[in-house]
Structure formats: C-alpha cells, structure tokens
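Listed next as structure tokens is one chain, alone, in the form predicted on its own.
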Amino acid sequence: MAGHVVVVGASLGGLRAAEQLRAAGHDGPITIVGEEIHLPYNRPPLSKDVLADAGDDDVERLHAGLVFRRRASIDDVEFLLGRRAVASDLVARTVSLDDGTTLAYDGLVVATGLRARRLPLPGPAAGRHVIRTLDDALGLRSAIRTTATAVVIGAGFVGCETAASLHRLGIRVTVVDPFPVAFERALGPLLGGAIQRHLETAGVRFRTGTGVVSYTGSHAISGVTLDDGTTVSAGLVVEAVGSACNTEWLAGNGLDLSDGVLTDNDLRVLGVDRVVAVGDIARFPNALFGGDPRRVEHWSMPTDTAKRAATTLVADLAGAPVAAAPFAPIPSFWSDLLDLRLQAFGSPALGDTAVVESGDLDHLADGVLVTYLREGRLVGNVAVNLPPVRQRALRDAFLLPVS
C-alpha cells in the first residue's frame, strides 16, 4: 500500500516534492498544507518585478503572473491553503493544524521553509515592512506611492534588490547595514564592495558599518536612529535582515532544530522514520563542500532536494533501499540589480579567497567573473553580466565525481 503523504509547506519545495513523489512512483493520496491562501508562486520577483509593476493591486492578477505551472501528475493532490501546522507527533504520525484538524500520515515531507526576521526595535509600528510573501510585496507597493524616502535595513540580496527597485521608482533610498561592505557575508568584500560602489554611483545611498537602534515618529515611522547617533529620514522602512526557520510545529519530537531540520544525505530527518525535509529548511551534508550539514537558501535547492527526498520517502515507504550515489547538488542563484545581472554557482560564502578571473571590478556592467576558493578548492563562481554560454561553463566546473 502506497499510503498517505502529507506535505507541510505549499511553496516551491512543497510543490516540487508532490510532483517528484508521483515521478518516483507514489500513487497514494497526497495532501499539501500551506499557511498562505495562494497556490505556490515564484518569490524572487517580489523584490523586483512586483514592486515595479505599474498596474493595480489586484491580488489575483499579480498572483497569476507568479504562480507555478503544476504538472498534470498532481491534479489529484489536495491543497489545504490558509492552514498552518501548529504541532506534530512524529511517533503517532499526525500533524495538527490551526483550525483544529489533525492529519494522519504514512509519510511526511517538511517543506515549511523560512519567514522574514523582524527587528525588535522601539518606535512606531506603522511603516515597517518585510518582503517575503506576495501580501508583503502588495503592502510595500501601496506604501511607496505615498513616500519620497525609504530606508532598507540589510545590504544582502533582498535588501539591495529592494533598494534598487525603490530607486528606479524615484524614491530616495538609503541602505543601512552593520557590516562594512554590502554583500560581505554572501560575496565577500571584494565583489561586494564593487557592487556597492556601482549602486552608489547610480544614486543608491549606503550607511555601512552601523546599525539601527530605534525608529522615530509618533504614529508612523519618520526615520531611523543609527548607533552612531545620527538619524536618517524615512517614510517607510524595509527590514531585510535575514530569515527564521519555520520549525516550531516540529518541537517536542526530539529533532535537531538548531538551524532548520537536520537530515542525512538522503534528506531523511534524523531521529524519526518516514519523514524527509526539502528546500531551505533542510540542513544536509554535501560532499562538494566538505560534508558538514548546512542549509542552503539558493533558488535551485527546492527542486534539487525535492527530487532526492521524494525518492528516499518512496523507498522508505516500500521498505526498499535508496540509490547509493551521494546527493551532491550544485547550488545556484541569480540577482538583478539595476543594470547588473548576477549568476552564481556553488557556495561563494564558504570561500576564504576570491579571485577576479576576468573583467574589471570598476566596470561591472562590462562583465566580470569572480571565483571563490576554500583551501585552494573551488567552492563558488559569480558571473556579472556574462553571456549564458559562459555561465554554463561555470556550472560545469563543479561536475566532478564525489567520493
């Protein structure tokens, strides 16, 4: 008997998990639970295309432009949207939802992903925004129509993409980050500093090496106070300060939830049977990068992990072995920042050395390639404004046998 599989999480990871379960031969019922009311949709455009969209704020119209096309193989999958998992008993194999429903399962896929972190700072609540969901983006779209100034807290990809979008819309935007250079954790100071200079030349302002201590204003935000005592005017603030893992519903089951959900190389959640994890909540070992378990928040991970996790879960439900080949996916992500298109392969953040292989960091728009090494071994490549044929070669550089 194939059994009932419950997928908790209705974003890209959950959708791909259902599709891959069918591809792996699971013909039993599948239920996908999602906290949002929307069918799975594409998130990267939220900080770019959605903000720049000149149309009205019709949710259905915007969602239609983002929704993922679903394979015919999952036409019979049940979606329970607008429901949140609040607890689980992984011994009894049940998941409890916020409406009082209890779902019994034979196999479970953990795909609850991340939520935007919020800053616990004093000051008014009105005017504070994050950008993780479609509803977040709609709220920000509405707010930017009535302001001329904005502060983005966080100089990572979401923060700088949002700042670039606001700048294109004519808003005076300042990016604040406690690190000395934008993208320092993700790309290192060499390339990160070059991108920051490029954005500054275009008119985006940066206040790096300083943090925010409070928000000013009576009923709504009018500015942010920095730890150096200065204040930056702002009609709104976007908090782009990272993410928190949605693992609370798994508490009490003896799992390692210290950073996402710890799994083995086959995406089995350690300490429990017939449970796998997918997407950026899964902390798994990858021999390409030393074998230490890590979460990866790159675009490619939901699809890559879903394929392996589905194969594992179908095998476990049947009592069969999983293929012996190690799971060694190559992370990849992309970003658009004004006239720059970044494409990355591997994990540049793991590098201890960055080398400019081609191009000039002072002329990023003309094309640059930066390679990242860790103890002399390739761990990442970042291409800026390079043609697709060059990008494919960067990915191929990682296609080596893994022992």
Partner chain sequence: MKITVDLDKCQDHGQCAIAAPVAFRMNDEGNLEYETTVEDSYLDEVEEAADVCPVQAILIGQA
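Numbering follows the first chain given and starts at 1. Just so it is clear, the structure is predicted and the values come from calculations on it, not from any experiment.
Missing here is the form predicted together with the partner chain; even so, the following discussion is about that form.
**Request:** Check whether Gly65 has any heavy atom within 4.5 Å of a heavy atom of the partner chain in the predicted bound form, and answer yes or no.
**Result:** Yes, Gly65 is a contact residue.
**Prompt:** Taking the shortest heavy atom distance, is Asn42 within 4.5 Å of the partner chain in the predicted bound form?
**Reply:** Yes.
**Message:** I'd like to check something about Arg341: if you look in the predicted bound form, is any of its heavy atoms closer than or equal to 4.5 Å to a heavy atom of the partner chain?
**Reply:** So Arg341 counts as contacting the partner chain.
**in the predicted bound form, Arg294 touching the partner chain (heavy atom, 4.5 Å)** = No, Arg294 is distant from the partner.
**Message:** Taking a heavy atom within 4.5 Å as contact, would all three of Glu36, Arg118 and Thr146 count as contacting the partner chain in the predicted bound form?
**Reply:** Negative, none of the three is within 4.5 Å.
**Asked** Heavy atoms within 4.5 Å of the partner chain in the predicted bound form: which stretch among 330-338, 27-35, 370-378, 52-60?
**Response** Every other range fails; the passing one is 330-338.
**Message:** Do any residues of 296-318 have a non-hydrogen atom within 4.5 angstroms of the partner chain in the predicted bound form? If so, which ones, in sequence order?
**Reply:** The stretch touches the partner through Trp299, Thr303, Lys307.
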